[in-house]
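Single chain ahead, by itself, as C-alpha coordinates, in the form predicted on its own.
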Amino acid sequence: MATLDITPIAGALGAEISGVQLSEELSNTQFDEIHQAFLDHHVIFFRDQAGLTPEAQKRFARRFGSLNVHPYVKGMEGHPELLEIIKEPDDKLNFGGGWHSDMSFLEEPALGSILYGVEVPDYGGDTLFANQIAAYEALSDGMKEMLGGLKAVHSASREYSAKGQSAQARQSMQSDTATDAPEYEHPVVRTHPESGRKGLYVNPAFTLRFAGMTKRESKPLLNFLFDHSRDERFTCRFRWSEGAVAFWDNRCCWHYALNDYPGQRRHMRRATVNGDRPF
(Lines give C-alpha, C1' and ligand atoms only; values in the text may rest on other atoms or scores of the structure.)
Protein backbone atom coordinates (compact mmCIF):
# COMPACT_ATOMS: atom_id res chain seq x y z
CA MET A 1 0.00 0.00 0.00
CA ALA A 2 1.41 3.39 -1.04
CA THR A 3 2.42 5.75 1.74
CA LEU A 4 3.35 8.73 -0.45
CA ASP A 5 1.43 10.93 -2.87
CA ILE A 6 3.10 10.92 -6.31
CA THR A 7 1.69 13.39 -8.84
CA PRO A 8 3.05 13.72 -12.40
CA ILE A 9 3.70 17.32 -13.47
CA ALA A 10 3.98 16.75 -17.24
CA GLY A 11 3.37 14.07 -19.84
CA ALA A 12 7.03 13.56 -20.72
CA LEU A 13 8.63 13.28 -17.29
CA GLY A 14 8.59 14.65 -13.76
CA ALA A 15 6.51 14.04 -10.63
CA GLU A 16 6.05 15.76 -7.28
CA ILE A 17 6.14 13.61 -4.16
CA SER A 18 4.49 14.62 -0.89
CA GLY A 19 4.03 12.91 2.44
CA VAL A 20 7.69 12.58 3.38
CA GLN A 21 10.38 14.68 5.05
CA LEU A 22 13.83 13.97 3.64
CA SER A 23 15.43 15.33 6.80
CA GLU A 24 14.15 12.24 8.61
CA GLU A 25 15.26 8.63 8.28
CA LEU A 26 13.29 6.96 5.49
CA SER A 27 11.61 3.63 6.04
CA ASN A 28 12.38 0.90 3.52
CA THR A 29 8.85 1.26 2.17
CA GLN A 30 9.27 4.99 1.66
CA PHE A 31 12.64 4.50 -0.03
CA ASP A 32 11.25 1.83 -2.36
CA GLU A 33 8.39 4.13 -3.42
CA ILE A 34 10.75 7.05 -4.03
CA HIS A 35 13.17 4.84 -5.96
CA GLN A 36 10.40 3.49 -8.19
CA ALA A 37 9.05 7.00 -8.83
CA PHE A 38 12.59 8.08 -9.76
CA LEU A 39 12.79 5.28 -12.34
CA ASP A 40 9.26 5.88 -13.64
CA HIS A 41 9.41 9.69 -13.94
CA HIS A 42 13.18 10.34 -14.34
CA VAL A 43 13.03 13.49 -12.20
CA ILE A 44 11.17 13.83 -8.90
CA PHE A 45 10.43 16.87 -6.74
CA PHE A 46 9.78 17.42 -3.05
CA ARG A 47 8.48 20.71 -1.64
CA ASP A 48 8.48 22.10 1.89
CA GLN A 49 11.75 20.46 2.91
CA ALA A 50 12.93 23.38 5.07
CA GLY A 51 15.63 22.33 7.48
CA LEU A 52 17.31 19.82 5.17
CA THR A 53 20.80 20.03 6.63
CA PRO A 54 23.92 19.09 4.67
CA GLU A 55 24.18 15.87 6.69
CA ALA A 56 20.54 14.98 6.00
CA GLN A 57 20.93 15.70 2.29
CA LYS A 58 23.99 13.44 2.14
CA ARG A 59 22.19 10.73 4.10
CA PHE A 60 19.30 10.72 1.63
CA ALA A 61 21.65 10.75 -1.36
CA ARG A 62 23.68 7.83 0.01
CA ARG A 63 20.59 5.62 -0.06
CA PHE A 64 21.16 5.60 -3.85
CA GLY A 65 24.95 5.19 -3.90
CA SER A 66 28.28 6.75 -3.01
CA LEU A 67 28.71 10.51 -3.40
CA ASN A 68 30.81 12.34 -5.95
CA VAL A 69 33.45 14.94 -5.15
CA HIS A 70 33.62 17.29 -8.12
CA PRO A 71 37.06 17.28 -9.76
CA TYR A 72 37.00 20.97 -10.75
CA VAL A 73 34.68 22.82 -8.35
CA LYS A 74 35.44 23.18 -4.65
CA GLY A 75 32.85 21.60 -2.38
CA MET A 76 31.11 23.11 0.63
CA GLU A 77 33.32 23.78 3.66
CA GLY A 78 33.31 20.61 5.75
CA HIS A 79 31.20 18.78 3.15
CA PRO A 80 33.33 18.18 0.02
CA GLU A 81 30.56 16.02 -1.48
CA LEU A 82 28.20 19.00 -1.67
CA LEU A 83 28.36 21.90 -4.10
CA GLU A 84 26.96 25.30 -3.19
CA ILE A 85 25.74 26.77 -6.47
CA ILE A 86 25.32 30.46 -5.84
CA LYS A 87 24.55 33.40 -8.07
CA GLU A 88 24.93 36.76 -6.34
CA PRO A 89 22.80 39.75 -7.42
CA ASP A 90 25.82 41.49 -8.95
CA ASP A 91 27.13 38.49 -10.92
CA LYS A 92 27.29 39.74 -14.49
CA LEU A 93 28.07 36.57 -16.42
CA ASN A 94 25.41 34.19 -17.65
CA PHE A 95 24.78 31.46 -15.07
CA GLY A 96 23.13 28.34 -16.33
CA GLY A 97 21.48 28.60 -19.70
CA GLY A 98 22.86 25.38 -21.20
CA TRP A 99 21.38 21.91 -21.59
CA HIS A 100 23.55 19.15 -20.15
CA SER A 101 23.80 15.92 -18.22
CA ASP A 102 25.92 16.25 -15.08
CA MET A 103 29.36 14.68 -15.05
CA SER A 104 29.14 12.84 -18.39
CA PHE A 105 32.83 13.77 -18.75
CA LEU A 106 33.76 11.08 -16.20
CA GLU A 107 34.64 7.48 -17.04
CA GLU A 108 31.78 6.48 -14.73
CA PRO A 109 29.28 9.38 -14.99
CA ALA A 110 26.84 10.39 -12.28
CA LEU A 111 23.72 8.37 -11.50
CA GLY A 112 21.76 11.40 -10.34
CA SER A 113 21.84 14.86 -8.81
CA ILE A 114 19.90 16.08 -5.77
CA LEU A 115 19.45 19.86 -5.73
CA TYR A 116 18.11 21.74 -2.69
CA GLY A 117 16.74 25.28 -2.86
CA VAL A 118 18.38 27.15 0.06
CA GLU A 119 17.45 30.60 -1.24
CA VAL A 120 15.47 31.18 -4.43
CA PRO A 121 14.57 34.38 -6.30
CA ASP A 122 11.10 35.87 -6.12
CA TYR A 123 10.67 35.02 -9.79
CA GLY A 124 12.70 33.23 -12.43
CA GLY A 125 15.38 30.61 -11.98
CA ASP A 126 13.18 27.68 -13.03
CA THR A 127 14.83 24.44 -14.16
CA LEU A 128 13.84 22.56 -17.31
CA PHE A 129 14.34 18.84 -17.83
CA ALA A 130 14.34 16.73 -21.00
CA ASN A 131 13.62 13.00 -21.25
CA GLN A 132 16.32 11.33 -23.34
CA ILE A 133 14.54 7.98 -23.43
CA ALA A 134 11.54 9.65 -25.06
CA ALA A 135 13.88 11.50 -27.43
CA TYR A 136 15.44 8.22 -28.55
CA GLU A 137 12.12 6.45 -28.94
CA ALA A 138 10.84 9.24 -31.21
CA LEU A 139 13.65 8.67 -33.75
CA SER A 140 13.16 6.71 -36.96
CA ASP A 141 14.22 3.07 -37.10
CA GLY A 142 16.98 3.99 -39.53
CA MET A 143 18.41 6.63 -37.24
CA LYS A 144 18.24 4.27 -34.25
CA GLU A 145 20.13 1.62 -36.21
CA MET A 146 22.86 4.06 -37.24
CA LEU A 147 23.31 5.55 -33.77
CA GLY A 148 23.38 2.15 -32.14
CA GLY A 149 26.90 1.54 -33.42
CA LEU A 150 28.36 4.92 -32.47
CA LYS A 151 30.32 6.14 -29.48
CA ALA A 152 30.90 9.78 -28.55
CA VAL A 153 33.81 11.49 -26.83
CA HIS A 154 33.00 13.36 -23.61
CA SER A 155 35.31 15.73 -21.73
CA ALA A 156 35.27 18.68 -19.34
CA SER A 157 37.97 20.40 -21.40
CA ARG A 158 35.64 22.83 -23.19
CA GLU A 159 33.23 23.74 -20.40
CA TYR A 160 35.87 24.02 -17.67
CA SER A 161 38.67 25.54 -19.73
CA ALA A 162 39.86 29.03 -18.79
CA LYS A 163 37.37 30.50 -21.29
CA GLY A 164 34.63 27.93 -20.71
CA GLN A 165 31.12 28.84 -19.65
CA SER A 166 31.23 26.94 -16.35
CA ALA A 167 34.64 28.23 -15.34
CA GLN A 168 33.76 31.87 -16.06
CA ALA A 169 30.23 31.90 -14.66
CA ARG A 170 31.08 30.54 -11.23
CA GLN A 171 32.22 33.84 -9.70
CA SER A 172 30.75 32.82 -6.34
CA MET A 173 32.40 29.40 -6.38
CA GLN A 174 36.03 28.31 -6.32
CA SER A 175 36.80 26.28 -9.43
CA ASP A 176 39.88 24.97 -11.22
CA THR A 177 40.35 24.97 -14.97
CA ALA A 178 40.39 21.60 -16.68
CA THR A 179 43.64 22.16 -18.54
CA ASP A 180 44.40 18.43 -18.89
CA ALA A 181 40.89 16.99 -18.69
CA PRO A 182 40.73 13.39 -19.93
CA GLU A 183 38.44 12.21 -22.70
CA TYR A 184 36.14 9.19 -22.39
CA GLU A 185 34.06 7.38 -24.97
CA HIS A 186 30.44 6.56 -24.14
CA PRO A 187 27.78 4.94 -26.33
CA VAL A 188 25.52 7.40 -28.11
CA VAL A 189 22.58 5.14 -27.24
CA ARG A 190 22.76 4.15 -23.59
CA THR A 191 20.88 1.28 -21.97
CA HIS A 192 19.58 2.31 -18.56
CA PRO A 193 21.14 -0.09 -16.04
CA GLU A 194 17.97 -0.37 -13.93
CA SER A 195 15.04 -0.06 -16.33
CA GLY A 196 16.73 -1.57 -19.39
CA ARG A 197 15.30 1.18 -21.62
CA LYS A 198 17.42 2.85 -24.29
CA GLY A 199 18.02 6.59 -24.45
CA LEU A 200 20.28 9.12 -26.13
CA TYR A 201 23.48 9.89 -24.25
CA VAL A 202 25.08 12.99 -25.73
CA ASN A 203 24.82 16.59 -24.52
CA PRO A 204 25.96 20.03 -25.75
CA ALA A 205 28.18 20.82 -22.76
CA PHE A 206 30.44 17.79 -22.60
CA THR A 207 30.13 15.84 -25.88
CA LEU A 208 32.94 16.92 -28.22
CA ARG A 209 32.66 14.59 -31.23
CA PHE A 210 31.94 11.06 -32.32
CA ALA A 211 34.69 8.52 -31.69
CA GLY A 212 36.80 8.06 -34.82
CA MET A 213 35.54 11.30 -36.39
CA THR A 214 36.69 14.90 -36.42
CA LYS A 215 34.71 17.68 -34.76
CA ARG A 216 33.78 19.05 -38.18
CA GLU A 217 32.50 15.68 -39.35
CA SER A 218 30.58 15.17 -36.12
CA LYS A 219 28.97 18.60 -35.92
CA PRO A 220 25.96 18.17 -38.27
CA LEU A 221 24.69 14.98 -36.64
CA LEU A 222 25.44 16.16 -33.11
CA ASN A 223 23.59 19.41 -33.76
CA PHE A 224 20.59 17.45 -35.03
CA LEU A 225 20.60 15.28 -31.91
CA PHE A 226 20.98 18.29 -29.61
CA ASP A 227 18.05 20.08 -31.26
CA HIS A 228 15.92 16.95 -31.24
CA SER A 229 16.70 16.07 -27.61
CA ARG A 230 15.46 19.38 -26.21
CA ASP A 231 12.24 19.42 -28.21
CA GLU A 232 9.38 20.77 -26.09
CA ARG A 233 7.45 17.48 -26.20
CA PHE A 234 10.20 15.77 -24.19
CA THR A 235 10.40 18.38 -21.41
CA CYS A 236 8.97 19.53 -18.11
CA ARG A 237 9.56 22.70 -16.10
CA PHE A 238 9.92 23.11 -12.34
CA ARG A 239 9.32 26.37 -10.50
CA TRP A 240 11.46 26.52 -7.41
CA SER A 241 10.29 27.43 -3.93
CA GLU A 242 12.47 27.77 -0.86
CA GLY A 243 13.10 24.36 0.66
CA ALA A 244 12.23 22.42 -2.51
CA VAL A 245 14.30 19.47 -3.73
CA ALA A 246 14.77 18.12 -7.26
CA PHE A 247 16.34 14.71 -7.90
CA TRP A 248 17.04 13.85 -11.53
CA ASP A 249 18.44 10.80 -13.29
CA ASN A 250 21.54 11.87 -15.21
CA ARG A 251 21.51 8.57 -17.09
CA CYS A 252 18.43 9.61 -19.06
CA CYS A 253 17.82 13.33 -18.37
CA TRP A 254 19.14 16.66 -19.46
CA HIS A 255 18.52 19.81 -17.43
CA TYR A 256 18.70 23.55 -18.06
CA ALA A 257 18.81 26.28 -15.40
CA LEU A 258 17.11 29.47 -16.57
CA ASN A 259 19.08 32.66 -15.97
CA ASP A 260 16.18 35.13 -15.83
CA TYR A 261 16.38 36.71 -12.38
CA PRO A 262 18.74 39.71 -12.69
CA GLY A 263 19.63 41.44 -9.43
CA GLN A 264 18.40 38.55 -7.27
CA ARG A 265 20.28 35.93 -5.29
CA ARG A 266 19.92 32.19 -5.91
CA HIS A 267 21.58 29.68 -3.59
CA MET A 268 21.28 25.96 -4.31
CA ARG A 269 23.05 22.99 -2.75
CA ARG A 270 23.77 19.86 -4.80
CA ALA A 271 24.71 16.30 -3.96
CA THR A 272 25.72 14.06 -6.83
CA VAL A 273 25.40 10.26 -6.67
CA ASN A 274 28.10 8.26 -8.42
CA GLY A 275 27.05 5.99 -11.26
CA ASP A 276 28.57 3.33 -13.48
CA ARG A 277 30.12 3.11 -16.91
CA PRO A 278 27.49 3.50 -19.67
CA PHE A 279 26.73 0.50 -21.88
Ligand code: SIN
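Because the structure is a prediction, the values reported are computed rather than measured. The first residue of the shown sequence is 1; numbering continues from there.
There is another form of the same protein, the form predicted together with ligand SIN; it is not shown, and what comes next is about it.
The putative spot formed by 102, 257 and 266 is fully lined by ligand SIN in the predicted complex; each residue has a non-hydrogen atom within 4.5 angstroms of it. Residue contact check for residue 115: one or more of its heavy atoms lie within 4.5 Å of ligand SIN in the predicted complex.
Taking the partner from the other structure, ligand SIN in the predicted complex has a heavy atom within 4.5 Å of a heavy atom of residue 248. Of the heavy atoms in residue 157, none are within 4.5 Å of ligand SIN in the predicted complex. In the predicted complex, ligand SIN stays beyond 4.5 Å of every heavy atom belonging to residue 106. The partner is not drawn, yet in the predicted complex one stretch among 225-233, 249-257, 31-39, 52-60 has residues with heavy atoms inside 4.5 Å of ligand SIN: 249-257. Exactly one listed residue, out of 153, 150, 85, 133, brings a non-hydrogen atom to within 4.5 Å of ligand SIN in the predicted complex: 85.
Along 55-83, no residue reaches a heavy atom to within 4.5 Å of ligand SIN in the predicted complex.
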